[in-house]
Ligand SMILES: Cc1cc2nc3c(=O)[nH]c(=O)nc-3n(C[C@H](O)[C@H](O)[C@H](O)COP(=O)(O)O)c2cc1C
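In the block that follows, a single chain appears as structure tokens, in the form predicted on its own.
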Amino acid sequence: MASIHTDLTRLLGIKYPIIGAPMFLVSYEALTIAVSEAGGLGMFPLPNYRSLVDLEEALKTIRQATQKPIGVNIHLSGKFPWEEQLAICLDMGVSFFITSLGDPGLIIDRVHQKGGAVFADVVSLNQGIRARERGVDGLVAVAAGAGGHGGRIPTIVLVPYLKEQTGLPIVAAGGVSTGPQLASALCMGACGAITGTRLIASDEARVGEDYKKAVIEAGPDGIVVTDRLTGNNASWIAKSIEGVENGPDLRSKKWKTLWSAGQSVAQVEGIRPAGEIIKEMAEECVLAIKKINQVCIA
């Protein structure tokens, strides 16, 4: 299929404006490789790797399998050795960084020197403006309905709002699991979208079959948003946090049994290879845009 050209694809040198979400305890080497090889941008979060040696080995594995662009989510807080992580990533050719929990300005010069780009996760206009002031190349609009930590503003409102008020490229995050949903994000002014929940139910996601099955079986009303587990609002599959939300504290559960997912579980029907998911999204996106172009305006 032909490429879908947007500011994001031109910036990153990818075929489709689809980013595989860097999901904690979900996105590792196999998923990153599959998404990038399919024409999207594969990503993983740096906190998935306990040591710098583990991170370097993971990147070596990825680079042996693909030379296509990849990205990481970097947490810029005192809890993580982000400076050492950044150095390893830049040495291994990581070209795209999404920042969380800190000042994106800390890494921008070093990333730009290597020809890379830095986007910041934001859930509000205030956060977007602060990130713009620090010199980011774009923003990830983490909207209501997103898996993991997310905001309170729907994607259909947050994306054009940030685009108009900041003038930066905007990547939509929240409720994007299908081609038509990607097309709608592009129509709202996004340069691309992150898909995460759909990829949990992929062959390459490093989670148990029970988690994948729960994503398939859950409906959007089976997603609970609470700040009880982390201190910030995040979306979880309701059945996985029973006994935590209104009962014992987080110590009563292990992280791998706390299943994060977004409301786009509504569009997840089965477990498939991640590459097929990405290519199907792109194909369906093109079809959706063609249908829009056929609408008759009198």
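In this text, residue numbers run from 1 along the sequence as written. From a predicted model like this one, the values you see are computed outputs, not experimental measurements.
The discussion below concerns the form predicted in complex with the named molecule, not included here.
Original post:
Quick one: of G116, G128, P104, G196, which gets a non-hydrogen atom within 4.5 angstroms of the named molecule in the model of the complex?
Top reply: Selected residue: G196.
Original post:
Looking at A146, A190, L182, L158, which is the one with a non-hydrogen atom within 4.5 Å of the named molecule in the model of the complex?
Top reply: Flagged contact: A146.
**OP:** Work out which of the listed stretches, 106-114, 169-177, 222-230, 78-86, brings a heavy atom within 4.5 angstroms of the named molecule in the model of the complex.
**Re:** Correct option: 169-177.
**OP:** State yes or no: in the model of the complex, is some non-hydrogen atom of L139 no more than 4.5 angstroms from a non-hydrogen atom of the named molecule?
**Re:** Because no heavy atom of L139 falls inside 4.5 Å of the named molecule in the model of the complex, the answer is no.
**OP:** Flag A282 as yes or no: does it have a non-hydrogen atom within 4.5 angstroms of any non-hydrogen atom of the named molecule in the model of the complex?
**Re:** Heavy-atom contact with the named molecule at 4.5 Å: absent for A282.
**OP:** Classify V122 as contacting or not contacting the named molecule in the model of the complex by the rule of any non-hydrogen atom within 4.5 angstroms, answering yes or no.
**Re:** V122: no, not in contact with the named molecule in the model of the complex.
**OP:** Would you check, heavy atoms only and a 4.5 Å threshold, whether S260 touches the named molecule in the model of the complex?
**Re:** Contact check for S260: yes, within 4.5 Å of the named molecule in the model of the complex.
Subject >> in the model of the complex, residues of 30-63 near the named molecule [heavy atom within 4.5 Å] >> reply: Result: P45 alone.
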